[in-house]
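In the block that follows, a single chain appears as structure tokens, in the form predicted on its own.
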Amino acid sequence: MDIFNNANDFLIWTRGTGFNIAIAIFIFGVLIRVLEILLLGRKADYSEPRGTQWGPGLKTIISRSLVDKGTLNRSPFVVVVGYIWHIGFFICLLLFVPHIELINASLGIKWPGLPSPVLDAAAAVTMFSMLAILWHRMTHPVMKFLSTYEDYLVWLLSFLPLLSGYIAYHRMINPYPMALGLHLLTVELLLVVFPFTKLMHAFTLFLARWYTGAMMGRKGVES
């Protein structure tokens, strides 16, 4: 009974105080990083523009988000498995009904989710693909040499919410409040480190791609 009560207290903390702290750090960190980029500004370009910026900028966001044939031929494993785990992660994050209900309770918006068996399969495939990516990083000579402590930390903090969510969904840990609390805790750890690691590229990559395309568009050349 004491264990169950402690598990309940732990779950209450992760659903309340812990979650609020993580969200606050996440929002503050993201805003600071984005403002840091925007406030750096750019040197004034006094040359006569030879084209527009918005159209080429948007085009570059799209074109750089697609895989070119050369990259696919050089690194098919990294490209294919990378797409699988990114897509799978966002499916699990945004299309699992309990997650949608949490977003609805926080922001007042919701959308249709996928059936639980589909999400269960997506989580398994995503975890397997992430393990494959880790194996490749640790065994490929170039990838191993280039990898840093931060790369492995980012991988771990991205993997743990999937694993803990899978464990909680299948009730592999008893009592259940402990399993759910652990899942929430891993999510909160991810939120806390997100703005201060390479995970921030989820926000900045589109800004960087637009900027590249816009500058090339102003010069009248393809990015």
Partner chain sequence: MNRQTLLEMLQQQGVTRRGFLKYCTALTSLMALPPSMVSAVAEALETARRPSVIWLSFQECTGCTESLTRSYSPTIEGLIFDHISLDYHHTLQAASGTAAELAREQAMHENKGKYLVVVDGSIPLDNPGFSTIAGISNVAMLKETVANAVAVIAVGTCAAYGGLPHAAPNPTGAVSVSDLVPDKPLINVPGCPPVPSVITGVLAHFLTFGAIPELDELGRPKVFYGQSIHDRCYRRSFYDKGLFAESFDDEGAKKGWCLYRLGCKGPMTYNACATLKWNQETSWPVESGHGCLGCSEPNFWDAGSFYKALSIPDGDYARAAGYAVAAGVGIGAVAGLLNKNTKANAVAKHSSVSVDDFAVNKNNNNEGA
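Numbering follows the first chain given and starts at 1. Predicted, not measured: the structure shown is a model, and the values here were computed from it.
In what follows, reference is made to the form predicted together with the partner chain, a form of this protein that is not presented.
- The listed set I32, I167, L156, L189 contains one residue whose heavy atoms approach the partner chain in the predicted bound form to within 4.5 Å, identified as I32.
- At the 4.5 Å threshold, heavy atoms of L185 stay clear of the partner chain in the predicted bound form, well away from it.
- Put simply, H86 is far from the partner chain in the predicted bound form: not one heavy atom of it is within 4.5 Å.
- Proximity of L93 to the partner chain in the predicted bound form falls outside the 4.5 Å heavy atom cutoff.
- Among heavy atoms of L39, some come within 4.5 Å of the partner chain in the predicted bound form.
- Heavy atoms of no residue among L72, H136 and V193 are located within 4.5 Å of the partner chain in the predicted bound form.
- Of all the residues from 7 to 26, those having a non-hydrogen atom no more than 4.5 Å from the partner chain in the predicted bound form are N8, D9, L11, I12, R15, G16, F19, N20, I23, A24.
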